[in-house]
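Form predicted on its own, single chain, as structure tokens, below.
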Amino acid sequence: MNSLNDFFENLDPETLDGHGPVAMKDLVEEDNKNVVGTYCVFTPYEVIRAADAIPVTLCSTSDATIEDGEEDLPRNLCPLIKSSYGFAITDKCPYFHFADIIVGETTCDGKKKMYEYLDDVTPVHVMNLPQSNDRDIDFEIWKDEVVLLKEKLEAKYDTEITKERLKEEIENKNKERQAIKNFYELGKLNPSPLYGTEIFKVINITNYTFDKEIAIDRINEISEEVLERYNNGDKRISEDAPRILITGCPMGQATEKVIKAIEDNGGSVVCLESCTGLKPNDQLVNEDIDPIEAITEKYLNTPCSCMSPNDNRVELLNRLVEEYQVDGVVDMILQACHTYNVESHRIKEELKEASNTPYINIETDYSQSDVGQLETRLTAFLEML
């Protein structure tokens, strides 16, 4: 049996069935499938799939299109927004190329204004997100937005999204979320059988495998494979390695430098809490109530810093620190992301009060010019644990 290192090195996304841009091209050109582009975990995927369309997360995590984005957007804007827009106007994102419509949410002012320009490239449907989630009126506002999206897709694709189809897609998406959770929770083992970069790789493979039966079977097989090898003694990470939870802004490609800086300097990333990690999969959609209300409830309670107050994030982090036996929390904040930046003080204080867990926040962008500085700060943090 090969080692876990060999297993993950040989896990090549480009060779996997149903994965990536080629699979998307085949679905559009051979199966006449419709494609809906998304940017945020507030997007109710079940509504899109109930319209027999494919939801796909659009490119936004590379510095390759930052300069293109800055042609129309301010240089001091969040890199995620500039990257997203740059990919759109250069047609360098294969998934954007196939999207019939984009669904955006008003999670921040920068995104909200960017959608106005994006609409000139591909039609954008904007869901107006309440700024809090603890009032009855918040629920009703978001429920109306979910219904408006349903009606928009019904009109665009000349179809009817029935309650039965929504319930079916809720069950399907819940199965995918549970499979991802099962994989994630391998990080609770001590020592963890997984490096943070491997967690990220497998989640990306699952997200960009569009046949969800294949995606679920594949991630379940990976989980079984990892656990079997671990139980047979293939333990690559020292029991003494500080166990790190990363929270904060969405991660990917350019910001994987943070995971690497931690693990190259002796840390073990056991949990990625952000919306490109565990956050969207932690809670399932209730299958026992009206599907529109169930979808509204699940997505409105996303623990994002755009909510004020954002008690759900505090509760989630405190639970994860305990469940994953976390020694330290790294809060990764993208430059110009004001909500996560302001919220960092509360997160630090809440962690201190609840469990006295050490905390560090790092502000970065998509360039690689600060890798040395990140390594210096994170190494000092790890040595302190």
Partner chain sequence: MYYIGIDIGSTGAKGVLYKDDIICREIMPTGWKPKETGRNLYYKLLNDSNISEKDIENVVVTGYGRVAVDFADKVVTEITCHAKGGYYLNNSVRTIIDIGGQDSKVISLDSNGQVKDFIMNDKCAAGTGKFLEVTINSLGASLDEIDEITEGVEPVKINSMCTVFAESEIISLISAGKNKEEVAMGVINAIAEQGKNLLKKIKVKDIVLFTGGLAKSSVIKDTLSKKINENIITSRDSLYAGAIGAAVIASEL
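The shown structure was predicted, so the numbers you read here are calculated from the model rather than taken from an experiment. Positions refer to the first chain, counted from 1.
There is another form of this protein, the form predicted in complex with the partner chain, and it is not shown here; the text below is about that form.
Student: Please determine whether residue 369 contacts the partner chain in the predicted complex, using a 4.5 Å cut-off between heavy atoms.
Tutor: Residue 369 belongs to the contact set for the partner chain.
Student: Can you tell me if residue 70 lies within 4.5 angstroms of the partner chain in the predicted complex, counting non-hydrogen atoms only?
Tutor: Outside the cut-off, so no.
Student: Since only the chain is shown here, I'm wondering whether residue 360 would be in contact with the partner chain in the predicted complex (any heavy atom pair within 4.5 Å).
Tutor: Contact check for residue 360: yes, within 4.5 Å of the partner chain in the predicted complex.
Student: Is there a heavy atom of residue 9 lying 4.5 Å or less from a heavy atom of the partner chain in the predicted complex?
Tutor: Heavy-atom contact with the partner chain at 4.5 Å: absent for residue 9.
Student: Of 312 to 320, 59 to 67, 39 to 47, 346 to 354, which is the one stretch near the partner chain in the predicted complex, taking non-hydrogen atoms within 4.5 angstroms as near?
Tutor: Selected stretch: 346 to 354.
Student: Quick one: which residues from 365 to 385 get a non-hydrogen atom within 4.5 Å of the partner chain in the predicted complex?
Tutor: 365, 367, 369, 370, 373, 375, 376, 377, 379, 380, 381, 383, 384, in sequence order.
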